[in-house]
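Below, in structure tokens: the form predicted on its own, a single chain.
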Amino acid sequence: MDSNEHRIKIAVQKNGRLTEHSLDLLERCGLKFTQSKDQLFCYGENMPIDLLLVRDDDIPGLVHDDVCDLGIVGLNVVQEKRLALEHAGDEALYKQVFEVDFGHCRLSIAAPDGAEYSGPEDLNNKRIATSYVNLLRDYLKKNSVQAEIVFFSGAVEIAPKLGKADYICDLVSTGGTLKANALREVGTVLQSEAIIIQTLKPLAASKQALVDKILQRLDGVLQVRESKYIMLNAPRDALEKICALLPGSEAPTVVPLEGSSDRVAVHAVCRENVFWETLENLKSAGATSLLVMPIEKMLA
């Protein structure tokens, strides 16, 4: 049952800004791994789930080709591969199942400082350097722009200085690299973050059950990113007002307080962040003994 064909494979970026977050996410799902000597493979110790540590550009292809069942990768990489497949007349055989709230960045158009730019129409008949050819082509088409796309596999920001392009299209997080190269953002092609993708190809029943289990755990971990558990005491006649103030909460648990007929204890899972202002408003409504605790895991 634990043979190779029954083990789940998850593709994860080997080195980069998503690696540490991805491994931490899987560890919080209760998975334990032993890494191979070549640092390219992690064997699942407590569940038949293994990791392939690869280049992020390869992850959508590995899931599409059914080499891996799941992958954690940036939306920008996923969409670039999807458009490349569509351009070749094929369909991407994977689907997005989760956004995981790390790796936030954007694919942007950047212009040299001092260059005038009022909108996408200024890109007409210009040269734009990028490694995201398909996403840029799609953006230009949607904006009815005719421009020359110059492929750069790395260090795209130096293309204007080399005289190879008039603009660039590249990933931006803080914008520091653009400033260091006398560039500025002028347009956004895609807002991106890390996502989890799953193969669309049918799995054996045993593997599908395992995929469902890990996705359920992932959902439980992701649900509690900003969720908090609130406990408070309240006057019974203020209960409706207090419940309305609990952020993102379903029906709370209300328990009578021992020895008091007019006061209750309220316990609630709040699926939104709980700010000091929230607590102050609850106190003003009559709540006392407020306690806010983080939630490590949650299974709906």
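Residue positions are given as counts along the sequence shown, with the first one as 1. Note that this is a predicted model, so its numbers are computed, not measured.
There is another form of this protein, the form predicted in complex with a small molecule, and it is not shown here; the text below is about that form.
- In the predicted complex, the small molecule sits within 4.5 Å of a heavy atom of residue 132.
- In the predicted complex, none of the heavy atoms of residue 236 sits within 4.5 Å of a heavy atom of the small molecule.
- Taking non-hydrogen atoms only, residue 282 never approaches the small molecule to within 4.5 angstroms in the predicted complex.
- The small molecule is not shown here, and in the predicted complex it never comes within 4.5 Å of any heavy atom of residue 160.
- Distance criterion of 4.5 Å from any heavy atom to the small molecule in the predicted complex singles out 174 from the list 188, 125, 118, 174.
- Site annotation in the predicted complex: the residue of 197, 136, 77, 110 reaching within 4.5 Å of the small molecule with a heavy atom is 77.
- Judged against the small molecule in the predicted complex with a 4.5 angstroms heavy atom cut-off, the residues 245, 273 and 277 are out of contact without exception.
- You can rule out all but one of 250-258, 50-58, 63-71, 36-44: in the predicted complex, only 50-58 has residues with a heavy atom within 4.5 Å of the small molecule.
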